[in-house]
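Provided below as structure tokens are two forms of one protein chain, presented individually as structure 1 and structure 2.
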Structure 1
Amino acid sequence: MTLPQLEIQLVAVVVAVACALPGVFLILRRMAMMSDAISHAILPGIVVGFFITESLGSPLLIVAAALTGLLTVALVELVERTKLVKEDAAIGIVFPVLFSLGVILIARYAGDVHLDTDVVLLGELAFAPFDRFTAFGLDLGPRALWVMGAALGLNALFLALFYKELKLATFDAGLAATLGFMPGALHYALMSLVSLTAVSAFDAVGSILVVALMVGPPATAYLLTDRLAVMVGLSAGTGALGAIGGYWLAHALDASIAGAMATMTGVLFGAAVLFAPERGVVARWRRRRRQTWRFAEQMLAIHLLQHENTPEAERECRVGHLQEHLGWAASFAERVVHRAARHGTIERQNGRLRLTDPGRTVAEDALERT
């Protein structure tokens, strides 16, 4: 691995973690689509900021663009509050209009500035190592690393300082308001962080992929845990994993790194959907199957218990009779009996089924519970 490769991966990981932190609260507050709206709508802010500062890395540009993000949030709320348009439609109108404004500004003045819509929308992480941050003649590493490091630090600091407030406002906004925690102010603070992070990240990964990094890892973590603190940690870890995996995927295909990071984020989410320990599709399927068998074994034990030592026992306690009495298919009945015998709850004696002592306990326990 060469130094630029290492640097690219480092930037990718820092971007992913910086995005994952506010993302956790976005998805818990059901505002995931705001990340989409903000990341598109910052374009005119970036363009105007670029006209003024003539540098994509200027802090002034970042602030100007982040303000556009907040403007988007405010505009969506303004339109929504008229009650003439639903929230989703309000989002879906406001951000394309702002984005269009940005594209037109770029197109009109493309001759004068070095700024390309593709760059803003798609980003190019591969160029990150070439743009160095130097101070006092010293090379201090890629500029993107510093910008994103600052965003990550800010997000982490905010999270650490307002963790309790965020948690309360997210899960019980009403109580938070009653206790005087100002959920409204917290909402705007969170939106500011989302804007700031999206602006900082756009020249590395592009504005649309910011959405993948903000929503993907937290959604994955959401499937793995019920604890907020664990979810934050898992999101950061998933984000980092997706970033590194994405880098190598892009390396193998010789394709866009940002696109590959988003794809890997999707792959990790898909893996969580399938294989999450408790909520995964596979885990749920296995649990259901296990329950089917256990229930069938209990039924068998209860059936045998009912007919134990009765005159009909000879007729009732046979595998073939289970089809008639419990409505089981022959093969299923055979398999249940086989499993029950293996677990030692019943015994076979010349075709007759007999409860063992543990089997009797199983049946009695099951009956007692109902």
Structure 2
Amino acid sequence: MTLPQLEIQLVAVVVAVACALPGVFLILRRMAMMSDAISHAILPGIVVGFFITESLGSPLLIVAAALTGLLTVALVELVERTKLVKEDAAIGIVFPVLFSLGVILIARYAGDVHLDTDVVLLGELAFAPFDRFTAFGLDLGPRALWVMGAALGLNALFLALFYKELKLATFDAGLAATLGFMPGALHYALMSLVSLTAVSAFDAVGSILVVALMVGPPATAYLLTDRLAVMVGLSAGTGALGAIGGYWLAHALDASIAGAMATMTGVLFGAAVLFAPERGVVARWRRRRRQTWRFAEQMLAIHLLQHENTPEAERECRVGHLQEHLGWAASFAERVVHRAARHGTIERQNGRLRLTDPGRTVAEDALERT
């Protein structure tokens, strides 16, 4: 592995983790769309900041873009408070206007500089090792690594300092306000971090991958656990795994690194959708399957209990009669009887089915619940 390859992967991992940390709280607050809105709507802030500073590397450009992100949040909430439209509609109104304004400003006034829609939408991680950060004559590595490292450190520090407050405000904003935790201030602080992270990642990965990394890893972690602390860790780990996997996928296919990272993020999310231990499709299918068999065994136990010690028992308590009485197919009836016998709730005697004491308890409990 060459040094540029290592540096690209480091930048990718730091970007992914920096985006994934605040993304957890966006997912939990049902505000995933807000990350999309902010990452696009800060474009006019970048353009205005560039006009003022005439430099793409000025910290003031980041500040201007972050303030535009806060303006986006404020405008969305202002439109939503009118009660004329819902939050998703308010986002759909505000961010296209601001993003279009940024595109118009670029096309009209910044056509002859390295600031175009491809840069802010797609970025290019492969160029990260060529933009170096130097201090006192020393080459300290890619500038993007230092910028995103600072964003990551700020996000991690904010989560560490205000973890309990964020947790309370996320799950019960009313209680947080009652206890004096100022959920509104926490909300805007979190949105400020989202804006800052998005604009910091623009030059390296573009806004599209920022959205993927703020939504994909947290959504994957959300499917895997219910514990917030574990969710934050899984989100960061999933983001890092998607970044490294995406880099090597792009290397193998000679494709866009940002596009491959977004693809791997989607693949990991898809795997979680299928195989998450509690919420996954496979887990839900297996749970429904177990419930189907359990219900069938209960129905069999109830049937045998109702005909126990009756004149009809000789006819009713046979496998063949279950097809007629309960409407079961022959193969299904045989499998239910086999499972019930294996679980010790029934026993076969000369072709007849008899309840055991545990089976009688199962039937009685099921009748009580109904």
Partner chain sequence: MIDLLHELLFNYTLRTVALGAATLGIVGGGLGTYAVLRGQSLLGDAISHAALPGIALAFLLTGSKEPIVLMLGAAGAGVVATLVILGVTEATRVKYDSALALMLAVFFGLGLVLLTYIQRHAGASQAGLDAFLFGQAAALVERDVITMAALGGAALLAMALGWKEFKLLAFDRDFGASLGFPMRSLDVVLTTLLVVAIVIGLQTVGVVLMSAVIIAPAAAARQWTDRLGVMVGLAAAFGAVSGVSGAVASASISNLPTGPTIVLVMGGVVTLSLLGAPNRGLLWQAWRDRRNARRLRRETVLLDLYALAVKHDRLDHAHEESVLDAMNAWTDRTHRALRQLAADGLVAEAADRHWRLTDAGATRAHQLAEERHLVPPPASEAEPPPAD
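Every value quoted in this text rests on a predicted model; they were computed, and no experiment measured them. In this text, the rigid core denotes the largest set of C-alpha atoms whose superposition between the two forms falls within 1.5 Å. Residue numbering: structure 1 sequence, from 1.
Note: the form predicted together with its partner chain is the first of the two, structure 1. Each of the two rigid parts keeps its shape between structure 1 and structure 2, while the smaller one turns against the larger by 17°, per C-alpha superposition. A C-alpha shift of 4.5 Å is found for L322 between structure 1 and structure 2, based on superposition of the rigid core. Shown is the Cα shift of A333 between structure 1 and structure 2 after rigid core superposition, which amounts to 3.7 Å.
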